[in-house]
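Take a look at this one chain, the form predicted alone, written out in structure tokens.
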Amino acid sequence: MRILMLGWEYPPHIAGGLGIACEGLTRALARQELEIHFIVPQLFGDEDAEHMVLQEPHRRRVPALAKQELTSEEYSLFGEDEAGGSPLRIPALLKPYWNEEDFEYYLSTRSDLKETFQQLADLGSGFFEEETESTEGGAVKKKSGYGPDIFQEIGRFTARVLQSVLPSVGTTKEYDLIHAHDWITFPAGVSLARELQIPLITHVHSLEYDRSGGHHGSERIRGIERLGVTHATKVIAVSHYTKSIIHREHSIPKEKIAVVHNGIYSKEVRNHYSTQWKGKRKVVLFLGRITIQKGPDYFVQAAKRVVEHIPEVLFVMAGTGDMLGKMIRLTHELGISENFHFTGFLKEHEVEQMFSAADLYVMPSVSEPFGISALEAIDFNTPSLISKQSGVAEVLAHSLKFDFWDRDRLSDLIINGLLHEELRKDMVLMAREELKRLRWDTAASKTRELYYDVLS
């Protein structure tokens, strides 16, 4: 069986858990003798993907008609290969978790790419219409929380995938089905499935509902999500929690949605960096995007009460996001800035060090489709406190849980966890037993069964 997968990132170049999940799932599927062709917008050359074909959208030859549609400046951006074709590469600026402000800020810092995008602006335009609303004075203004450039990015990706895959541009590849990961790839998946007349599976790792902190968010993003889950033959959700939101938000029958929990690879527990990094202080870790979805403000507010009982505790907030500055200011306002350390974005080995150094890991997400970081923390012998509003709460029966908004409950759990070493040991011991059944091979087996069910 040959699967065409569509994604937006692949390790080591990732912005969050989407790329990690794609790597874990594809490696396990390959071990089950499935052939996978995985398309991402751009390759960097250091990806480790010997288990599958990992490629970026391109076309080996540009048809004469397409050449006529490009200006000489646009055409020169790509160059010629030895066969006389023109590989079309997408500068993959869009990250799955960005909003309009993130996109515009990054683009403003890269003048070299800004010129490229201006030259390419029309190549993907028209794929999505602007969403507007009328004001009382009759004026029309933008309504979406995402800017048009983001949708043009998705339009370009969709166009290049179609040009790369469809037989009309000379490809000889044949696929049994398409597996599209998250909303950014859904338009390409729907278009390809329609053209190739093969089944489409859409994999929902997160929703606009989650990213907007439990609110509706952008209607345009919700519209693309609805496009994907409506036209899919089958929908995969990473948790029952996410399945219920898909059903409620997009009116998709529950029987059409299959739940496949994420997995984790078993690692040797690293040597503790505790004595090197923290000294005698107890460490409580928040690790993730510092955005409304992840609940960083609840973490900081709970920390205030913890410090009153354990003055020497150190809270570490690792990551970046649009709420980072606000969180730094909040620690000063609450008088606990001396108890906080903000690390910024961490690389993989730095993440491992942080998990090893922490006494507790806290995931106070407002709405979390899964939450693989809680599993990673446990794999480093660090007990996890997780919000009930997360998919991982379904599979970790022996982790302590709290409602994201219940700061008193969270602070009580942190205080008890820090004061009682035996409690932490018991939590890890029982949770590690649960990890034994949360492997990517298990997720791959369920996914493989879905493939055969869809094809039959």
Partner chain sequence: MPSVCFYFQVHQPYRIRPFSFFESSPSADYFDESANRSIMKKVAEKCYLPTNQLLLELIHRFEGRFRISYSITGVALEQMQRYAPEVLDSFQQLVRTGCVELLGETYYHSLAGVYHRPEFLEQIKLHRDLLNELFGVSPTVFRNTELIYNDAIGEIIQDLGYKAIIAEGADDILDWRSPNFLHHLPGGSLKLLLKNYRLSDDIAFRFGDRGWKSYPLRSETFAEWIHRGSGNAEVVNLFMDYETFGEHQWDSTGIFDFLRHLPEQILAKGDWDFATPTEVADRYPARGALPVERLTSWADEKRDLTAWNGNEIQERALREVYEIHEEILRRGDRELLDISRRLQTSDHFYYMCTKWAADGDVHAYFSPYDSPYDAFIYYMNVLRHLRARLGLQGEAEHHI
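Numbering follows the first chain given and starts at 1. Bear in mind that the values here come from a model prediction, so they are computed numbers and not experimental data.
In what follows, reference is made to the form predicted together with the partner chain, a form of this protein that is not presented.
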Q: Could you work out which of Ala393, Leu400, Ile36, Ile39 is the residue within 4.5 angstroms of the partner chain in the model of the complex, going by heavy atoms?
A: Leu400
**Q.** Contact assignment for the partner chain in the model of the complex, among Arg305, Lys326, His231, His341, heavy atom within 4.5 Å
**A.** Arg305
Q: Could you tell me if all three of Ile310, Asp412 and Ile415 have a heavy atom no more than 4.5 Å from the partner chain in the model of the complex?
A: yes
Q. According to a 4.5 angstroms non-hydrogen atom cut-off, is Lys243 in contact with the partner chain in the model of the complex?
A. no
**Q.** the partner chain contact in the model of the complex: Arg31, any heavy atom under 4.5 Å
**A.** no
Q) Taking heavy atoms only, is Arg289 within 4.5 angstroms of the partner chain in the model of the complex? A) no
Q: Consider His51 of the chain shown here, and say whether it contacts the partner chain in the model of the complex, taking contact as heavy atoms within 4.5 Å.
A: no
Q) Can you pick the stretch from 20-28, 429-437, 442-450, 5-13 whose heavy atoms fall within 4.5 Å of the partner chain in the model of the complex? A) 429-437
